[in-house]
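One chain follows as structure tokens, the form predicted on its own.
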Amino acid sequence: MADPWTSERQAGIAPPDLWDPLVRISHWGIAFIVVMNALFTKGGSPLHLWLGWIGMALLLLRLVWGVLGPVEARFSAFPPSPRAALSHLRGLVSGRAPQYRSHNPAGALMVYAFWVTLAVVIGTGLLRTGGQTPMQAARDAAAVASGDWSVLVTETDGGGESRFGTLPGEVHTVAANLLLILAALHVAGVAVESRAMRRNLVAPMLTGSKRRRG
């Protein structure tokens, strides 16, 4: 079976000057949520849960869009292929990396790795809190503030203990840290490729290239 990265539908097609609104909203929305929940919110807090539930909605929406969206947003436009990713990186080093209609092969692997890790973070977060909603967390916090500690005597306290033991909390923490590492690698990769290809890769995810706007 032919590698889809070398087929005619991938070759010689310029990348988008502007990604569609849903791709951009899900990209920046998830990025904001990951940074906020990893660095600025407390695990189990109402805000942490709100952001987690919104992140889950954005991820699900992006996955649906990978089937129903425009060509460059579909999974078929950037299938995961380690061999193609290595070939792209070699081409990047030698200055002969081609353009793609969507993510390049290396970027595609990063996208899938990020989505899988994010799904693990969300899934273990749900197990860790017993599926507690932000409204329930806010209600429990208000009860504790008023001196009613009985709400904490449950199957889960939002801190890692659940009917599954401490494993969900441990996996959640490891996966959350991995998300930050992947995000840092993504930013570095975008910077390196933008310089090597002499093309701004950030602009299409914001408001489009100058050529598109002009």
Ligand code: HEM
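Quick caveat: nothing in here was measured; it's all calculated off a predicted structure. Each residue number is its position in the shown sequence, starting from 1.
The form predicted together with the named molecule is left out here; the points below concern that form.
Enquirer: Going by a heavy atom distance of 4.5 Å, is Ala77 a contact of the named molecule in the predicted bound form?
Expert: Ala77 lies outside the contact set for the named molecule.
Enquirer: Although the named molecule is absent from this view, report whether Pro70 comes within 4.5 Å of it in the predicted bound form, heavy atoms only.
Expert: Contact with the named molecule, no.
Enquirer: Should Leu126 be counted as a contact of the named molecule in the predicted bound form, where contact means heavy atoms within 4.5 Å?
Expert: Leu126: contacts the named molecule in the predicted bound form.
Enquirer: Indicate whether Ala196 is a 4.5 Å heavy atom neighbour of the named molecule in the predicted bound form.
Expert: No, Ala196 stays farther than 4.5 Å from the named molecule in the predicted bound form.
Enquirer: What residues, if any, in 192-208 have a non-hydrogen atom within 4.5 angstroms of the named molecule in the predicted bound form?
Expert: In sequence order, Leu201, Val202, Met205 come within 4.5 Å of the partner.
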